[in-house]
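First comes one chain, alone, set out as structure tokens in the form predicted alone.
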């Protein structure tokens, strides 16, 4: 047995540093094969769930699409207009097609970090490969959907995203389950390489199920004059979600921004954080989090800034809104300056809706429910995402659908 595999087999027993522990053997692995097809030909209940996480069924609205159900990659296509400018396919297909792709594989995410990374290495179920070719500007978003159709199912994907020098693209990923699915485990490994002078905006939207468990493991390496923007939104109930993506600003004048919008409701347990490591001269980072907790939800909102170059600067901001006396938000900002000259700052606030704000809106003709809804939707400001107008409208509709009435 190879030495690396022995180490990974040991890691399969290693709990994650944060979030509740899980028995990974408690979930099913057997599933049926799904044949290749277009999204528009999928059963209506699957297509509707995909739409709920920003996945468009209209080819003209996206530059390319990857769609995976359980273990099957059913769609991996680039529109003809963007052929030769970007590639999208399963990671298993990409590793067979390109020998050089292995140089990026498990390089910035350690397979031995915990039982979930180990599980993804030992029982790997494809995932997407997206490559934006050098000098290309993709003018409309690429999209990827990771879908689970079976109850109590375990899906382990490994995604590889490369933005080559002087390229630019937007990617939207939606992760969701069939309406009949109530429980399960999704593990998602994602490695991003944003090369010299490239700009990549990545937006991930989750819509799971009340007893579902989610464990993304993400890292990004950002080169000279490159920009990586990561947007994350989770609005629906989930049993447990634990993620702590890290971005390494390795290059000179590299830029990273993590934007997160969370709604913890029912009995959801969310432990979500972001980490920025400033390694290059003139590197900059920002972490912005908006978290709402209702019902009996628990949210740990983490943020860590690490300054490793004297000419570096970063800011962390976390705001939490409690909508229930039984809900819980714990904001955990951390700043680590390893060299003199780095500038790191943070601000955090957790509270309830101010009564005077409600009274102000009610005095202008709104009901209490309408007033609370307006305040909440204003709090969940998607302008921080920096999305194109068409995609911004889709995301705004999701928030309006969630918070359009009383909570």
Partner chain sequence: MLRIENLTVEIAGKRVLGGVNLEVPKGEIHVLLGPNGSGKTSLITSILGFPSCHILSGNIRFNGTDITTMPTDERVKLGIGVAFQNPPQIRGVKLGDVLRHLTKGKIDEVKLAGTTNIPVDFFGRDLNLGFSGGELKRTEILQLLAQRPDFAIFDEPDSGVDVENLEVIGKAINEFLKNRSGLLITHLGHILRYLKVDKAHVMFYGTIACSGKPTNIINRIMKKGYKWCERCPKVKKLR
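Positions refer to the first chain, counted from 1. Because the structure is predicted, anything quoted here is derived from the model rather than measured.
Keep in mind that the form predicted together with its partner chain is missing from the display, and what follows is about it.
Only one listed stretch (25-33, 38-46, 365-373, 54-62) carries heavy atoms within 4.5 Å of its partner chain in the model of the complex, and that stretch is 365-373. Site annotation in the model of the complex: the residue of 131, 269, 302, 319 reaching within 4.5 Å of its partner chain with a heavy atom is 319.
In the model of the complex, its partner chain sits within 4.5 Å of a heavy atom belonging to residue 378. Using a 4.5 angstroms limit between non-hydrogen atoms, residue 345 is distant from its partner chain in the model of the complex.
Among residues of the shown chain, residue 359 is one whose heavy atoms approach its partner chain to within 4.5 Å in the model of the complex.
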